[in-house]
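Here you get one chain, nothing else, as structure tokens; it is the form predicted alone.
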Amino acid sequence: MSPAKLSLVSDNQSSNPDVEAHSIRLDDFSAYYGKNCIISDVNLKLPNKGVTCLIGPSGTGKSTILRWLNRINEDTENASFSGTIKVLGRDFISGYPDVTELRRRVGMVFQQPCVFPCSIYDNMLMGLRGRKLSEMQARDSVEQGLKSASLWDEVSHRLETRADALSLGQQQRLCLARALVLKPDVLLLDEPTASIDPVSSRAIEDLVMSLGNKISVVMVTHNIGQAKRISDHVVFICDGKVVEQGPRTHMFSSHCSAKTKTYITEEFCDC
């Protein structure tokens, strides 16, 4: 299923020179839970367009990075960080006093679908609450969002059905559609295809590649084949540190480091 060609880019991207340089920048970033250092001294500069895949063994801090970028860990007990994070040219905390603005510009989809116990239609409008939309504008936003996630043809005749009645794959695509309605500049994806069927997984991969032509997508995946298919840039993280990063053509070639080669060929980390 090919995603519809829609305008999913925020107007902010054309007006801020910092956004043109880097969508995300981490300098000497370390994250902790209590006294435990989960990830240490990470330095990343991600362009404003393209798909960046974070790969590496479980428990190495990949999801922790995403959770800080979206400020989810801010309310997590004993979670702290050091270093700096800039999102779209602004400090991710002082530059976004209202966390709602950050989350509008930086969307996030989790490994497990997170739908609200209400209709598909109402789920799609959750992020648009507070905006003054006519009924026609609301319906148009819902339709465009669902089409962007290749879901419109499957649910257009039952928009009043509860979202949790959908299959897991459909629920995950609904979560993506709900994020895209806000026209984010950056989209964070934490293993979005890990728990869903192959058809939905391929639809999401197609969508991610299409979005990479317009915005910055940062995706955690344990599927090496998937990273080869969809990434523009790859970051290999092991034991809480960035082992190597670079373009897909480098990371999946004979020129990558021995540690990277071992992981991508044997899915074993000797860090």
Partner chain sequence: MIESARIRQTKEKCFAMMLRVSLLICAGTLIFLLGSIFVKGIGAISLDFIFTPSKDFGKSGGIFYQIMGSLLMVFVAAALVIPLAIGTSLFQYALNTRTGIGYFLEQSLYALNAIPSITYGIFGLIFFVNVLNTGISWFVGSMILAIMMLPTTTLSTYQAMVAIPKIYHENAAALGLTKTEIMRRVTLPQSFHGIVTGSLIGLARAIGETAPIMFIATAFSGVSVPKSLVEPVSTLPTHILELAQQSTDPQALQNAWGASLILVLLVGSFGLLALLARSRFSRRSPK
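Predicted, not measured: the structure shown is a model, and the values here were computed from it. Positions refer to the first chain, counted from 1.
Keep in mind the form predicted in complex with its partner chain is missing from the figure; the text below concerns it.
Of the listed positions (121, 81, 152, 110), a single one reaches within 4.5 angstroms of its partner chain by any non-hydrogen atom in the predicted bound form, namely 110. The contact with its partner chain in the predicted bound form, taken as any heavy atom within 4.5 Å, belongs to 76 out of 76, 134, 156, 161. Its partner chain is not drawn, but in the predicted bound form it has a heavy atom within 4.5 Å of residue 67. In the predicted bound form, no heavy atom of residue 198 sits within 4.5 Å of its partner chain.
The closest heavy atom approach of residue 114 to its partner chain in the predicted bound form falls within 4.5 Å. Using a 4.5 Å cutoff between non-hydrogen atoms, residue 88 does not count as a contact of its partner chain in the predicted bound form.
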